[in-house]
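Alright, here's a single protein chain in two forms, structure 1 and structure 2, each given by itself as structure tokens.
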Structure 1
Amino acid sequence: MNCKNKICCVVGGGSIAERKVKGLIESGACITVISPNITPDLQVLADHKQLHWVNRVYREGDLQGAFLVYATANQREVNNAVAQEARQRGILVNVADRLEETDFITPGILRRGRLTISVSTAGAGPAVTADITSALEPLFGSEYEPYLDFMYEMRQIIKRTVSSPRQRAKLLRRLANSGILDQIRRHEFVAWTEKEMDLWIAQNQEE
């Protein structure tokens, strides 16, 4: 979901709210937290103007203009009221303590540049999602960021210079199997010049 520069509200200021806010920060959202109390980490974010903190309990009307909302308060009646207002206004709502009332879920996310891996456990719990996401981290290390940047650049050049879709597919498969990723892992890869890229394409088209 594209939340960049969109108003996203989080009602509640505990650990669940903190997790939701940190995910929203990565998305570039304009974040409003509504709660009389917030965690120390949320306080730091508020002090650094990374979120707007409304230091009071939720009131009807607080969701006006919001793109989406997380209801993470520790009172069921508050979350219920937030969900009710969100639906009346046509706003997407995630209700932390009632999966059946939720319009969308927030999966665990692992990012490596162009690579985004999303993990959902369909309500099994955030701790399980976090454990699985953590288990994936060593499998998809920092080497994937330069690797995918290289693959993206090569794909753009192949698309511009090779007219045959079949030849393009063959070149991209060959490139993916060329051992570039392992070279990056071993810190042996030297970025190709544009001339070297063109030469590789020409040589592998001929084969």
Structure 2
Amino acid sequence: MNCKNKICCVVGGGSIAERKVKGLIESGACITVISPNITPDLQVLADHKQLHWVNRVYREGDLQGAFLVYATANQREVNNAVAQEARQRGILVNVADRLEETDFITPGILRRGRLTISVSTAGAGPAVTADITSALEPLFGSEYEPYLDFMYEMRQIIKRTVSSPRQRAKLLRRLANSGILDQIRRHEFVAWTEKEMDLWIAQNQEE
């Protein structure tokens, strides 16, 4: 989901709100927290203008203009009212204390530059989600960041210069199997010049 520059609201300022806000910051959202009190970490983020804190209880109408909302108050009737307003306005809502009323589930996330791996157990076991996300970390290391930057660049050139979809798919498959990732892992990869990129495309197209 692309939350970049979209208004994302969090109702409540406790430990759950803090976790959701930290996830939203990673996604580049514009965050509004509505709560009469917030955790020390959220206060630091508010001081650094990484979120906008509305220092009071939630009121109907607060969700105007929001893309999504997390209802994380510790009172059932408050989360229920937030969910109701969200439904009326067509805003996606995550209800912290009612999985069955939730539009979307917050996954465990592993990021490596352009790579995002999301893990979910559909709410069955958040602790299992956390374990699986941790287990994936060493398998998908920091090498994926330069690797995907390289793949992105090559794909742009291939899309621009190769007109046949079949040829494009063949080239991109071949590129993904050409050992670049291993070269990066062994610190042997030297960034290709544009000329080298063009040459690779020409050579691999002929065959």
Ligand SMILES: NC(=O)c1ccc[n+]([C@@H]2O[C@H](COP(=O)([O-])OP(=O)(O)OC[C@H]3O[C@@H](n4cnc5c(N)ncnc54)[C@H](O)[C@@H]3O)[C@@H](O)[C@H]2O)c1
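Predicted model only: the values in this text are computed from it and were never measured. When a residue number appears, read it as a position in the sequence of structure 1, where counting begins at 1. Rigid core (definition): largest C-alpha set, two forms, superposition within 1.5 Å.
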item: Structure that is the form predicted alone (1 or 2); value: 1
item: Rigid core fit then residue 124 CA moved by 2 Å or more between structure 1 and structure 2; value: yes
item: Core-referenced Cα shift (Å), residue 176, between structure 1 and structure 2; value: 3.7
